[in-house]
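Just the one chain here, the form predicted on its own, laid out as structure tokens.
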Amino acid sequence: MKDTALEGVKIIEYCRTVTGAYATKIMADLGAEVIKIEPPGVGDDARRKAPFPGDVPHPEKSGLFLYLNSNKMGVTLDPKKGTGAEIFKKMIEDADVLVEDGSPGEMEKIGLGYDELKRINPGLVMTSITPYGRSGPYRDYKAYQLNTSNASGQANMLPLPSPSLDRAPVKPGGNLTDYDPALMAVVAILAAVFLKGVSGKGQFIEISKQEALINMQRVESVTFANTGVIMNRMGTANPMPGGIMPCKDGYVVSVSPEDHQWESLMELIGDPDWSKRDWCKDRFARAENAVPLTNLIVTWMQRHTKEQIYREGQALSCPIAPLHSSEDIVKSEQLRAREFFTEIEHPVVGKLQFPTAPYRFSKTPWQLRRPAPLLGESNEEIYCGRLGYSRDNLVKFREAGII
């Protein structure tokens, strides 16, 4: 019996920052062996991204890098220098998957395109992640998350609801615009790995971040094509009372369009006299008076904590929930009961609280096998132990800037 779901699957990651690294992290967490290739000397750009402990930058202490690269091995290699491409090809010989995120044509220029690599390994599943895909007039455009979020139409839906439709669109917080395409990539890669297991044949997969984000919007992305209506963020011109509201120690969210939901919300705040007036008689009247009604609800909310509001509202079947901060999440009794956070020991950072996985496998449970690699940590193990190079070779490779 296998100890992990993807035991035996070998993956090479040649990517920068978030999208490719997160895709391979998911598969590493499922048990695949992932070897991450970083530029010699400087390493992945994610090493220079915050947060850092004590807000002091350090290439081995980036919280982003540590999260994205746990359960991976790490080597340094520049395939564009000297024998770097030949070393890369030797790594590919027994690999199942290669994930890369270079510009279209970049791998071909150094002799590492799919047509070349499949001659070495016909079963290789090679995945190329780019902002706009490998064809079309945008193929060579560079892009950051702000670009792809807007180019996909995703940002035009945010903020939702918006206090004013005159407010400019915004991208989702954090690195979500890079994480979502990674999820699409994982689904495609695992489907190709499954087919390889049946047929022995590999294939080439291209992932467009723009198209991945459009797919995440579901109905909104095709509304205009079918109806001529442009879907964008909803304003507060004619909403229902409620939404995101401040309370004594943070924020809560509550939307109560149905009469029974509204009645439970009113019971929660003590059935005030104003709730008996005509402006509350039905959902249409409440919608017409949404702003003043919301202000009255907020007045009550600000006198109570989000935990009190949530607990008492829950008991009344009121659709209301607290907006959790990162502190709330770490201290959550729900997540503590499920042991969602675990402790990891890193040789430079020390002990860290670390998120586990959002799934529970009964036969092949998630395992934290190793922390994110130090820069070049696995060079000797991979290049000498597996590929047959000598330590003298490694010294020469380092002097030439190849590793």
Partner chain sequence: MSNMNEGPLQGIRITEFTSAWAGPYATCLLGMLGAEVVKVESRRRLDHSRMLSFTTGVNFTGPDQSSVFNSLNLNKKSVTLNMSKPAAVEIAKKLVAISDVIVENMRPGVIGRLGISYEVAREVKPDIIFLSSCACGQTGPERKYVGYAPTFAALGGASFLTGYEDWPPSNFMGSIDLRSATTSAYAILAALIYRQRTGEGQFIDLASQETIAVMVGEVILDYIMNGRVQIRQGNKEDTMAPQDCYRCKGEDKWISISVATEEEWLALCSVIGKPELARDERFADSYRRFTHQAELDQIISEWTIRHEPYEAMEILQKAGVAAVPSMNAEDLFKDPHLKARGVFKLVDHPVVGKDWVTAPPWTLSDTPAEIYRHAPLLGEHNDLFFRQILGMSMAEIKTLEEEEIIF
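The model shown is predicted, which means the values in this text are computed figures rather than measured ones. Residue numbers count along the first chain shown, from 1. The term rigid core refers to the most C-alpha atoms you can superpose between the two forms while keeping them within 1.5 Å.
Same protein, other form: the form predicted together with its partner chain, not shown, and the subject of what follows.
In the model of the complex, its partner chain sits beyond 4.5 Å of every heavy atom of I402. Although the partner is absent from this view, F88 stays clear of its partner chain in the model of the complex, with no non-hydrogen atom inside 4.5 angstroms. Contact annotation: I297 falls outside 4.5 Å of its partner chain in the model of the complex, judged by heavy atom distances.
Using a 4.5 angstroms limit between non-hydrogen atoms, V222 touches its partner chain in the model of the complex.
A heavy atom within 4.5 Å of its partner chain in the model of the complex is found for exactly one of D115, D166, D273, D278: D166.
For the options L77, I129, C318, V97, the residue carrying a heavy atom within 4.5 angstroms of its partner chain in the model of the complex is C318.
Site residues E206, R338 and S362 are all in contact with its partner chain in the model of the complex, judged by any heavy atom within 4.5 Å.
Just one listed stretch, out of 254-262, 105-113, 69-77, 89-97, contacts its partner chain in the model of the complex at the 4.5 Å heavy atom level, and that stretch is 254-262.
Looking at 84-110, no residue comes within 4.5 Å of its partner chain in the model of the complex, counting any heavy atom. Once the rigid core is overlaid between the shown form and the other one, R286 counts among the residues whose Cα shifts by 2 Å or more.
Taking 2 Å as the criterion, W262 counts as shifted between the shown form and the other one: its C-alpha moves by at least this amount when the rigid core is aligned.
After superposition on the rigid core, the Cα atom of N295 is displaced by 2 Å or more between the shown form and the other one.
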